[in-house]
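Take a look at this one chain, the form predicted alone, written out in structure tokens.
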Amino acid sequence: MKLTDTERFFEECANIEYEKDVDLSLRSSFRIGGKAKYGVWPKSESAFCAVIDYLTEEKIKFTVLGNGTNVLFSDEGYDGVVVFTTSLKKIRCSRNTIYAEAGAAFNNLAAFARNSGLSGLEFAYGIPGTVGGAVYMNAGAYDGEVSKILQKSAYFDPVLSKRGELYNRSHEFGYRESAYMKNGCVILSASFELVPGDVDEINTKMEGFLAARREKQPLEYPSAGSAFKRYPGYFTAKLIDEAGLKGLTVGGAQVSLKHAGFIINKGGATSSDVKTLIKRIQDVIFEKNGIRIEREVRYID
């Protein structure tokens, strides 16, 4: 079978793997989505940059993804290339600084820090995303967040076709937001400045956070984590609960009975089900409280 120009590039590009017609429902924590035209897994930062550079130059639609834990793919799939970072997972330590590539699991980073006797990443234990995703959205929990410990990040700018670095303040961090949501650059790696700590104490704190997640969150069902951002001055899950929306169901999608901030896939949920449910929740909260809550789940169509 004759290769397309894109397939020929993938074949000739060193240190990558690629697949055609990738089932996105198997690549997202929601277990929802059609197929992508191609999935690409670069195995080095240089290969990652080469792929992004090619797709940009050829004006081929693409998106960059880690573990797919905060996204909702369309039922119709994605008519483009999904570039997965998960083969970029190196982690190393130098004194109190931990460096990690964008595809390293955030959970593994927390464990690495603990084993290195470094404190500051305990909050990340149990967060299912990658380092790149965590920096992109300023991930946080239990009074910890990326902005408090990030020293710098490295990126590739597809427009200028060059690498660069951002130091902490340049990330323009806010609640679940960063400069990367606006600047179009893709994250390559990040460095975190931590503090020495007792391994047993760090581990106790981490296990406590993990136990709390298991107790309060519906981890037994596919989901994308918290469906909505916290509205200033309000606890969004509490608003949804007080509005009587726990258990509200559209198709296979349901507001979790265990945690109202989660929308779960009870089985066979479609992206249309989830989007309809999210809109219905937003409308009810607006009617009752006069505020418009913002979704945290990122739609990829």
Ligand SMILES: Cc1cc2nc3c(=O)[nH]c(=O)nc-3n(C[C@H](O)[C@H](O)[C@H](O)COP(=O)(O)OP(=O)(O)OC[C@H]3O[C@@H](n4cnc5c(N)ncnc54)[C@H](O)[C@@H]3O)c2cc1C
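We number the residues from 1 along the sequence you see. Treat the numbers as computed from the prediction; the structure is a model and nothing was measured.
Same protein, other form: the form predicted together with this ligand, not shown, and the subject of what follows.
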Which is the contacting stretch out of 198 to 206, 110 to 118, 213 to 221, 164 to 172, given heavy atoms within 4.5 Å of this ligand in the predicted bound form?
213 to 221
Report the residue, out of Ile149, Val81, Ala190, Val71, that has at least one non-hydrogen atom within 4.5 angstroms of this ligand in the predicted bound form.
Val71
From the list Leu194, Val186, Cys93, Ala179, which entry has a heavy atom within 4.5 Å of this ligand in the predicted bound form?
Val186
Flag Phe262 as yes or no: does it have a non-hydrogen atom within 4.5 angstroms of any non-hydrogen atom of this ligand in the predicted bound form?
yes
Check Phe228 for me: does it contact this ligand in the predicted bound form (non-hydrogen atoms, 4.5 angstroms)?
no
Classify Pro42 as contacting or not contacting this ligand in the predicted bound form by the rule of any non-hydrogen atom within 4.5 angstroms, answering yes or no.
no
Is Arg295 close enough to this ligand in the predicted bound form to count, meaning some heavy atom within 4.5 Å?
no
Relative to this ligand in the predicted bound form, which residues of 130 to 149 have a heavy atom no more than 4.5 Å away?
Thr130, Gly132, Gly133, Ala134, Tyr136, Met137, Ala139, Gly140, Ala141
